Every structure is written in C-alpha cells, then in structure tokens.
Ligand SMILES: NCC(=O)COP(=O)(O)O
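As structure tokens, one chain now follows by itself in the form predicted alone.
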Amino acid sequence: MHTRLSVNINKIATLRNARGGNNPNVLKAAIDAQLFGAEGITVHPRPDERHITYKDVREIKPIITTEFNIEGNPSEKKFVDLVLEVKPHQVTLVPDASQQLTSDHGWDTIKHKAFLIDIIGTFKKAGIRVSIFVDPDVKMIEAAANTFTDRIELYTEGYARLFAAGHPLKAIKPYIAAAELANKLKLGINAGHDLDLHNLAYFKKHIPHLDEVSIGHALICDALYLGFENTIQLYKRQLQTEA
C-alpha cells in the first residue's frame, strides 16, 4: 500500500515569525514542497498564531495542487469557521489546549463521543474528510469508529521514544494492534509526531495499511543540513518499505 507524505510547514512559519516580514516565504515553502514530491501539505494554526497564521491558511489553499490538511482543536469556534471557509481535503482534530506547546495526547473517544460525532458530522457535511488524533489504545480506536470519523491519526511520540531507546519491538507492538483493529473497523490510518529518518521505515514496515504520515519538525530540521528537496525525497524513500 502506498503511504502519502504530508509535510507540515509550521516550522517554516515559526522561523519567519521570529523576525517578522516574509522570510522564509511560507507560500513558497508550500509550493516547493509539492514540487519536491510532497503528497500533502499540513498546517496547524493555533489560537495565538505563533507559527502558521489564519491568513497563511487562507492564502495556501488556492496554491495547493495536492492534498491540504488542517490540524487543530475543534472546540475553538474560530478554527471551525476557518476550516468550513477554506474547505481543505482533510481536517485532523486534536485535543490540544489553547497554549499547548505541541500535541501530546490523543482524544478520549469514549468521554468525548457526543462532541466528536457532532463536529465530525459538521465537517463531513461540508465535504471534508475527517481524521482524529488518537493514542494506540484499542479501546479508543474502537470508540473512534463510533464517532463516524473517516480516519484516525496514530500519535507516535511513544513509538519514537521507545525506538530511540533501543526497544523497537516494544515500541511498535501497540501500534500494530491499533492499526489492525482500525483496518478491521474500516477506518483509514494516518500517523504523526516525532517520526523521522531513523524510525519511519520500521514503522511503515509494520503498519501496512498506513494511508498517510504527517511530518514537520524532524523533516524541517533535516532540511537545514540535507536540503529541502533532498530531505523530502529521503522521507518518501522510507515509506517505500514493504511489510
């Protein structure tokens, strides 16, 4: 199964915002990522707009020739309104607090079932594919199917941490169980957070039904040394690993 690489360009915007102005140019980064082989562009506008701004999101959509994925917390009305206005190909729902540094947990799909059913229905009615951020917990995966989401995105920080500590089998085990159940429940499977050139191929090899990975921080860091085009190609190569 072919797995798509969606490049998260938030860190490009972080660098731009550090000095103001428009250098580096976020729109050019989105265009170039596509030209260099990215099969999706991901952005995560936060309420404080500390990296990608709402203006960026509106300006990126018309220049996207591949998939556009917007991540964010749907409890923020401003975010919901933006997604319904821009109509990306996919919206990924994350349960981040407003001032959270980065995503660090998935949805409790049991506790928040009613809320998720309502907001997922709103986005799907607008023709937007929905993915929800979840931990590799079979109970959460099973409950996710009851929200009528199209996909789940497996939160992979736990995998990356154990893999780096030299425990790849222990790292991947809960993700295999989660992915097998998701596939059985006919949920699409995305993954993201701390995936990099060291751990991505192993993850892909063991999760055969993987639709998409969204990678930003590690990829942009690698691009500083390896070049943007070369880095995107290197990441895509990791996804060619067969089970």
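Residue numbers here begin at 1 and follow the sequence given. Keep in mind that this is a model prediction, so the values were computed, not measured.
Here the subject shifts to the form predicted together with the ligand, a form of this protein not shown in this document.
217 is the sole member of 58, 198, 209, 217 with a non-hydrogen atom lying within 4.5 angstroms of the ligand in the predicted complex. Judged against the ligand in the predicted complex with a 4.5 angstroms heavy atom cut-off, the residues 71, 153 and 194 are in contact without exception. Mapping the unseen interface onto this chain, residue 3 falls outside it, with no heavy atom inside 4.5 Å of the ligand in the predicted complex.
Heavy atoms within 4.5 Å of the ligand in the predicted complex are found in exactly one of 58-66, 22-30, 185-193, 170-178, that being 185-193.
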